[in-house]
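As structure tokens, one chain now follows by itself in the form predicted alone.
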Amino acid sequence: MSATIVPEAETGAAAAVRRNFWRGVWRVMRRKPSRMVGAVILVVFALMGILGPMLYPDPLPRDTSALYAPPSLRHPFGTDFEGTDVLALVVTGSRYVLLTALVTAAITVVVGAGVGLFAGFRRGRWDTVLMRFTDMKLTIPGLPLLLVLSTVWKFTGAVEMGLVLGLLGWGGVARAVRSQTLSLRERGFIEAARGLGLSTTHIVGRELLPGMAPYIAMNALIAVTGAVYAQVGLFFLGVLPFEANNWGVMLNLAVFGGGALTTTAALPYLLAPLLAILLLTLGIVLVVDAMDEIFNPRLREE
């Protein structure tokens, strides 16, 4: 009888902790309306990336009689050089950009956090070897390397692009996580876990990682913005093939093909993807601000 009561009590306690956590999240989000705006922006972009391409036919319809048409009710951001609706291009191009950013953030966080946690906890030779490798990785200039890779690898898919960007971007996260781990490993609860003879995997996964989760989550969101800028910049420079519609391709065609910097005809074609990037960045910044208070008890008490 007692054996069944204990698991039920633990389950109830865990459920109460989860309820209190989400209530705290809701209070923090309501405290500043801007945070709710940020969350709504991210939800809209997520839905746009998932459902947006399903709303339009493939290929997108063209109206050759309305090349570079000005904004109107039918075309809120006008049309491009082929008479294609610019809003449709932004929506359908969001999936490639957002999928690449998510893959990049996942790889950056998993590899960077894993290396930083293991090196910071084990110290000694493992720490030296992993940090020297990380330092070597950080000294490699990312943009020139991407330009070289683009000559031999066509980056035809969003996952391929995210894989490369993630493998090039985890060094900073590893360094930062290691610093946090070095601070946490001297705490009393870690000393107690080591005294009990618990394995390194258990201590890192069950004791250190939960304390690092807020920091890692914020780094994941920041990595999303970095990945968006990197891929859009590469497509804008024209070093990658235009095999998929995305915001970087739109910027390239608007500036170098439509002369958006010298004529107003292609200006909406240029401003639409820039506005999408701006809104996505704004949403992430506002949510990161909320996360800082959600996971910081001192800020919640102020």
Partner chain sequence: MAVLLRRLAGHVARGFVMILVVTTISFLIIRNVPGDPLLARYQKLVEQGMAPDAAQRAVEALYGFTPKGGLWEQYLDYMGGLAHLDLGQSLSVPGTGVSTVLFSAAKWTLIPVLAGTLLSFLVGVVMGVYAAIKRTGVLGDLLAISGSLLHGVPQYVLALLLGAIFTTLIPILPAGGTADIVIDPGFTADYIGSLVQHATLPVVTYALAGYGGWILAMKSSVVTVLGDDFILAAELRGMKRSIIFRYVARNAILPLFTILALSLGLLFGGSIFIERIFNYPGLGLMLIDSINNRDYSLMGGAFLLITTAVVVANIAADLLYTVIDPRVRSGGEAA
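Superpose the two forms; the largest set of C-alphas matching within 1.5 Å is the rigid core. Numbering follows the first chain given and starts at 1. A quick note: this is a predicted structure, and the numbers were derived from the prediction, not measured.
Below: the form predicted together with the partner chain, not depicted.
Not displayed here, the partner chain is approached by residue 148 to within 4.5 Å at the level of heavy atoms in the predicted bound form. Although the partner is absent here, residue 267 sits close enough that one of its heavy atoms falls within 4.5 Å of the partner chain in the predicted bound form.
Not displayed here, the partner chain is kept clear of residue 126 by more than 4.5 Å at the level of heavy atoms in the predicted bound form. At a distance threshold of 4.5 angstroms between non-hydrogen atoms, residue 139 is in contact with the partner chain in the predicted bound form. Only one of 149-157, 188-196, 115-123, 212-220 places residue heavy atoms within 4.5 angstroms of the partner chain in the predicted bound form, namely 149-157. Of the candidates 29, 277, 253, 48, 277 is the one whose heavy atoms come within 4.5 Å of the partner chain in the predicted bound form; the others do not. In this stretch, 42-56, not one residue has a heavy atom within 4.5 Å of the partner chain in the predicted bound form; the partner itself is omitted from this view. With the core held fixed between this form and the one not shown, residue 167 has its Cα displaced by under 2 Å. Remark: with the core as the superposition reference, the CA shift of residue 95 between this form and the one not shown stays below 2 Å.
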